[in-house]
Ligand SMILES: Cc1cc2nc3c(=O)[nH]c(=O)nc-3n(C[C@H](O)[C@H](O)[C@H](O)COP(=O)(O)OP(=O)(O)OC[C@H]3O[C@@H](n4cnc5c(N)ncnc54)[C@H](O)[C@@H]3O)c2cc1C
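First, one chain by itself in structure tokens, the form predicted on its own.
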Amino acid sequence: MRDVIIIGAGPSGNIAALNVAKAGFSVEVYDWRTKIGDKLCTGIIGQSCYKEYPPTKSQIYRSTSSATIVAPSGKNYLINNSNPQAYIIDRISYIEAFAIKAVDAGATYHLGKKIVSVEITDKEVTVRSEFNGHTEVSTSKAVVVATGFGSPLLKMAGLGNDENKNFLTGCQTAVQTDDLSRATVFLGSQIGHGSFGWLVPTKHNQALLGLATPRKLNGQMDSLIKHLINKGYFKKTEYPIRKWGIPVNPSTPTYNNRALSIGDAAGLTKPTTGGGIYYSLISGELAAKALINALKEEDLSAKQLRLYEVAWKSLLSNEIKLGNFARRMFESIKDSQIEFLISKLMTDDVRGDLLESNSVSFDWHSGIIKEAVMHTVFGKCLNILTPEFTRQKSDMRSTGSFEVA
């Protein structure tokens, strides 16, 4: 019997496998894909992720300290910082590198095999996989679900999945561009209400074109492509559009007897942008720590594994709540209100306090959200458009904290 079976070879699954294997326990990783890391993702990490889980130079397409915001009117606003704020990476090679280290530490990978069922008893976990029409059965002491968003395996393992009815729909393709030097974000009803689009340069004049919407896709991506072609950003797309679901709320519980969920499967992403690499790596490490302790204690009960959820909540819970708060506000405002807020944000007395402050972080968004709400000028603008900010500011002043229900 294996010690741990991990379902999913993304960032969370690979780093969990690496840490558990390094601790001397047997690990097997299953993924229905044949190429590790080949999942839809823009592949941007911030400074915190860069420092804690550093990519190699060959895995970095470029660093960036600036971005362009295109308002609904079409007016461009440049956001610039003196230091790099993010890194655009080769996601496949970056994620694959964790798997290579895990194999070197003793983990075994089964690619192209799809797990179709998970059964948990008091004594063991049984998983069934399918490959070329054949079914295989494997057993372990514990299972980690790292499959990504919306997997039916969560329910089979007694883990949370009902709360993830709230999600974004992301879609992406590649285009050839000329002289696109920085990431560009597109806002407004031409993208879709509450939606945003992006062009992110990678290498050799290629860029990733994507869109995230709180609604089901209904021609928004086609409209964005047509709009940007007319504006001269590119001439055509390079490959068919692919789409995926992005959770914006944790799907609890993320623990059960002999089972944990991590990464996107647990709903651990940044609600503001949908980014998941950093939170996935964090949750994978925390899950591995909880499993190692449980295996040493020979206690894989829900009570013991609950320590994993306690750990990720202490780091990420309020960050995710604040991100969802900001996202709900963005989804509630009109084009004219977006224009008003951006114009105020880019004035000298606000720009230096917020966009160029030390609170700006691609990985941790709560700092700038708090400062925006409390800012003497920009906070008043938010109060005018979104009354909920008034209540949050009052709560912050009275309690000394900024908590969002």
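Keep in mind the model is a prediction, meaning the values are calculated, not measured. Numbering starts at 1 and runs along the sequence shown.
We do not show the form predicted together with this ligand, though everything after this point is about it.
- Here the chain stands alone, but in the model of the complex its contact with this ligand, taken as any heavy atom within 4.5 Å, falls in 257-265 among 289-297, 229-237, 216-224, 257-265.
- For the options G275, G160, G192, G197, the one in contact with this ligand in the model of the complex, meaning a heavy atom within 4.5 Å, is G275.
- Exactly one listed residue, out of R328, K321, K114, K101, brings a non-hydrogen atom to within 4.5 Å of this ligand in the model of the complex: K114.
- Using a 4.5 Å cutoff between non-hydrogen atoms, T202 does not count as a contact of this ligand in the model of the complex.
- For Q172, a non-hydrogen atom is located within 4.5 Å of this ligand in the model of the complex, even though that partner is not displayed.
- Contact between F378 and this ligand in the model of the complex is not found at the 4.5 Å heavy atom cutoff.
- The closest non-hydrogen atom of A9 lies within 4.5 Å of this ligand in the model of the complex.
- Shown here without this ligand, the chain has no residue in 331-357 lying with a heavy atom within 4.5 Å of that partner in the model of the complex.
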